[in-house]
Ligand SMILES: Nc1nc2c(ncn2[C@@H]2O[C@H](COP(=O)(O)OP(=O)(O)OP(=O)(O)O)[C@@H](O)[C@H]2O)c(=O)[nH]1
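Given next, in structure tokens, is a single chain: the form predicted on its own.
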């Protein structure tokens, strides 16, 4: 798995890099808070921005840290990753360090890593996060979407994981989403090492797909119970909606991959135009067929998708609904004060009376009869 490197930025990115490292990916992390990165014991290469102790969900602090130390960070990344073809920068969009730093860092690395493409693994928060997190995500994704030369962007949707595991804690949601993301990418790399008489999906095919600018989705569908071509197509399409990535919202796939693993008789039910009917025929399709006695599965990769406007708008809707209240809260922070209504009472407070010293002779005369 030497061809794809994972650079974690911020706490969430570091946790993704930790999982990636366990799976054999070359990894490194950058953070403004050393305590966050200390738990990522499998990641050997770490850069902690001097003079910072976290960003406190403030994107401007993450951005400032990069602006002050971008040379050191670029040198760190160059020295941390050797002989890779694609670098995926992993981060959460709703925090401070990863969200604030990653878009500009990616933009810089695109021109500073010779022969290496740069993409992203960006985590989208659940719909019920608070206003500050929603604002961070909206700003971060907007910046990310405008980067020229950007390769695949994997939008890991914690809301999708919540639907699958509604009773799970936040920590369980994060860990599960991170694992599934890296395992999906790891599975593709493992497939590129396999051989087949029926058509190989090799590393060049994979890189052609992942170097595509836009949003990318990976999903696997078990088609054990499928009896018809229509059932196979429907099952694959449902896997796109049920993946850990933001669901597909519009047609328009630029490059795609389709890998079948299983018995030969089930492979005959695969109809490519039928599978891609919902998202449109891709410009290029890279296929692999691996006949075995395992349960039949179809793994698909969709690259060049548009950013999911409806999903991202769902984060912004509550901001619009509460626009006046939120603006009032900000104004209140700078204008609120308390004025006492009993200022007249200050005169009631006891005051020490000034007493002049009197001579003994005067006091004796005072009492003389």
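Positions refer to the first chain, counted from 1. Just so it is clear, the structure is predicted and the values come from calculations on it, not from any experiment.
Not pictured, yet referred to below: the form predicted together with the named molecule.
A.B. asks: Go through 123, 118, 105, 210 and name the one with a heavy atom inside 4.5 Å of the named molecule in the model of the complex.
C.D. replies: Of 123, 118, 105, 210, the residue with a heavy atom within 4.5 Å of the named molecule in the model of the complex is 123.
A.B. asks: Could you tell me which one of 239, 160, 133, 297 places a heavy atom within 4.5 Å of the named molecule in the model of the complex?
C.D. replies: Of the listed residues, the single hit is 133.
A.B. asks: Given the named molecule in the model of the complex, answer whether the residues 18, 81 and 180 all have a heavy atom inside 4.5 Å of it.
C.D. replies: Per the other structure, none of 18, 81 and 180 touch the named molecule.
A.B. asks: Hey, of 335-343, 47-55, 297-305, 317-325, which bit sits against the named molecule in the model of the complex at 4.5 Å between non-hydrogen atoms?
C.D. replies: It is the stretch 47-55.
A.B. asks: Hey, in the model of the complex, does residue 92 get a heavy atom within 4.5 angstroms of the named molecule?
C.D. replies: Taking the distances in the model of the complex, the answer for residue 92 is yes, it comes within 4.5 Å of the named molecule.
A.B. asks: Examine residue 32 and determine whether its closest non-hydrogen atom to the named molecule in the model of the complex is within 4.5 angstroms.
C.D. replies: Looking in the model of the complex, residue contacts with the named molecule include residue 32, since a heavy atom lies within 4.5 Å.
A.B. asks: Verify the contact flag for residue 174: yes if a non-hydrogen atom of it lies within 4.5 Å of a non-hydrogen atom of the named molecule in the model of the complex, no if not.
C.D. replies: Flag for residue 174 set to yes.
A.B. asks: Test of understanding: in the model of the complex, would residue 257 fall inside 4.5 Å of the named molecule by heavy atoms?
C.D. replies: No - in the model of the complex, heavy atoms of residue 257 and the named molecule never come within 4.5 Å of each other.
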